[in-house]
Each structure stands twice: as C-alpha cells, then as structure tokens.
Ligand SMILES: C[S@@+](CC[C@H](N)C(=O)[O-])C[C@H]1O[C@@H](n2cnc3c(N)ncnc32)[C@H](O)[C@@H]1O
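Okay, here we've got a single chain as structure tokens, the form predicted on its own, with questions on binding and movement later.
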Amino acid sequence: MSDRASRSRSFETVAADYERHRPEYPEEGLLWAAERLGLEPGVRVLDVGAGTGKLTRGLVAAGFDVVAVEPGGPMLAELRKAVPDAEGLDGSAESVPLPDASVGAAFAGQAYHWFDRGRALPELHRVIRPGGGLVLLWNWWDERDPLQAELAELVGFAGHDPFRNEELPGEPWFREVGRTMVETSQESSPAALVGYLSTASAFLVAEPDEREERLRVVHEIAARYGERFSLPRLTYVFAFARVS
C-alpha cells in the first residue's frame, strides 16, 4: 500500500476518537454551497468519503436526503450510529454504489485530497444529475492565531492554504462556480487539541515514540495558552457545476 493510501485509511484505527474530536462543518458554508448550486431541501445528495458523518449530519440538518458513502468499516459504523437519518453505504469516490444521475450533488468534507482523481471525478460525474454539482470542504487551521502559528511547523500545516494549494476539479467533468471561506471559533484545551491531532494521518502513521513525543510537545505549547482557550478555524468551501 502506498504512503498516500496508508494515510487515507489510517483513520479506521481511531474511528471513535475521530468522531469525538473532529469538528463538524459550519451551517453557513453548507447553505452557501446549496445556494450556489440551486439545491432545494429534500433533494438527494451524496456525502462521499464521509468518515464518521461530520459533514453528513450538517447535510441532514439542512434538509437534504443524504446517502453517505465511506470505505472504512469502523468509520461507517460510527456514521450509522451518529446519523441514523442518513443512508450509509460501503463504497468509495472511485466506486460509488449508486445508479447514474441519482443525486443532485456530491459533497466531500476533508476527503478530496485522498481521492484518486483520475478515477473519482468521472465516477462522481456519473452519479450526479445533469444540472447538479460538486462541493468540496476543508476545515483548516488559522495561522493568524498565535497558538496555531506556533504549532504550524510542528504539525505540518505551515503556509498551506486550500485556496492556493489544492489541485481542484476541472474540465471535462466539472467547472468551478464559486468559493468562500467561513470563519468560526470553538473553545478548546491542551488535552482536546492533542486528542484532535491524535486523529491526524501524519500522527497516525508516525512511529509510536515519535508520535508520543510530538503530541507531548503540542500539549506543552498549548498549556502556555491556559487550561481553556478559543481556537479559531477557517472552513474553505468550493462549488463546482457538473459539465453536461
């Protein structure tokens, strides 16, 4: 298994922790995407690479009929428990277990960078109806925050900006119709930040001694900001129309 493939499936070993520590997606970003693509409540949409359902529950709350597709068994089990109102299916972006033109849109949260784009894009194009679209989201770090700026090199997100650094979908499958960034903030703590990072692929595939040392340093740095602190977050949202 390649390093990329190994990292993409590493989350399965910590599915319960992923569900506990990973953030959901801001309603503002989902509603923006729905408006850009003309998606009405009740339309059937796909959450692909759905993990434990962090994005799925937001789509359900927005009134969509959601089918969530996830290749990792432990992740899918967590999703089915957490979001019983969505249909959870075993599958991947490269092999979606749905008929042609069966959804109004596909969404992918924190997942597109793991896809085999050469196989995934035509497959997503297949299951999305003409006139539909694709939405990609990333919850990301905010280096304007002093704590996150201090952690950037250690954690590995320094200087990365999905607006500039992601290889996005394009012709002949999809055409970008908009992008936005939503700023949110949540209360955190040194332990919560360590818990979150313990579910990151770079930490999951590291040697145990290296992982523990890096997490110890994260806790040490975060503790200097107090027992509780505000943790700003940037959510990047991209909307693409299906090219018919």
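The numbering used is simple: start at 1 and walk along the sequence shown. Remember, predicted model here, so these are calculated numbers, not experimental data.
Below: the form predicted in complex with the named molecule, not depicted.
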(request) Name the single residue among Ala93, Leu147, Leu136, Val103 that comes within 4.5 Å of the named molecule in the predicted bound form, judging by heavy atoms. (result) Ala93
(message) Looking at heavy atoms inside 4.5 Å, which stretch does the named molecule contact in the predicted bound form, given the options 210 to 218, 171 to 179, 22 to 30, 37 to 45?
(response) 22 to 30
(message) Whether Ala111 contacts the named molecule in the predicted bound form should be assessed with a 4.5 Å heavy atom distance threshold; does it?
(response) yes
(message) Within 4.5 Å, heavy atoms only: does Pro71 come near the named molecule in the predicted bound form?
(response) yes
(request) State yes or no: in the predicted bound form, is some non-hydrogen atom of Leu59 no more than 4.5 angstroms from a non-hydrogen atom of the named molecule? (result) no
(request) Using the partner position in the predicted bound form, report whether Trp141 sits within 4.5 Å of the named molecule, counting heavy atoms only. (result) no
